[in-house]
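Just the one chain here, the form predicted on its own, laid out as structure tokens.
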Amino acid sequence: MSKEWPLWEVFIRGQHGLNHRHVGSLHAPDAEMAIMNARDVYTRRNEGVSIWVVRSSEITASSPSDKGPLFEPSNSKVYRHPTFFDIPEEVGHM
């Protein structure tokens, strides 16, 4: 049995941001401890309002070499491009 704690990926939402940004990785025995450690390591200057942690082993990613086949179908759906829509000013951030 391995004695090494699992690796967690850390995402922080900044004070003025609307999205979480990957800031690094750390080892911890569980999610609660990963959040506490992430707080101590990545938000020392009070720059975060929210922390997400995800076990690295649970992340599934596409390969950059699959870019063509993966994203090609969206190129033929021009109606999905934002140029076709007027966004009212009262919507704010989108």
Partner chain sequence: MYAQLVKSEGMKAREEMSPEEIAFQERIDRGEKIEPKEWMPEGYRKTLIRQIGQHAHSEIVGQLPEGNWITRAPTLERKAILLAKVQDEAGHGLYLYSAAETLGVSRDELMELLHAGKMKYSSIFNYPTLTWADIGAVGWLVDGAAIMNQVPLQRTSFGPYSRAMIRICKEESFHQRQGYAIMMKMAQGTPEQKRMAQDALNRFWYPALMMFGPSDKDSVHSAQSMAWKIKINTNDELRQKFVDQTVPQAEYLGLTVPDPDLKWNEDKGGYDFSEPDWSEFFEVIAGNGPCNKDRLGARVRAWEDGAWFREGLMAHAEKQAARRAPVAAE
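Remember, it's a predicted structure, so these values are computed and weren't measured experimentally. Residue numbers count along the first chain shown, from 1. Here the rigid core means the biggest group of C-alpha atoms that line up within 1.5 Å when the two forms are laid on top of each other.
Omitted from view is the form predicted in complex with its partner chain, to which the following refers.
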> Non-hydrogen atoms within 4.5 angstroms of its partner chain in the model of the complex: do H27, D30 and K67 all have one?
Replying inline: yes
> Using heavy atoms and a 4.5 Å limit, would one call Y42 a contact residue for its partner chain in the model of the complex?
Replying inline: yes
> Does E90 make contact with its partner chain in the model of the complex, using a 4.5 Å heavy atom cut-off?
Replying inline: no
> Against the rigid core, is the Cα displacement of H27 between the shown form and the other one at least 2 Å?
Replying inline: no
>> Relative to the superposed rigid core, does K67 relocate between the shown form and the other one - that is, does its Cα move 2 Å or more?
In response: yes
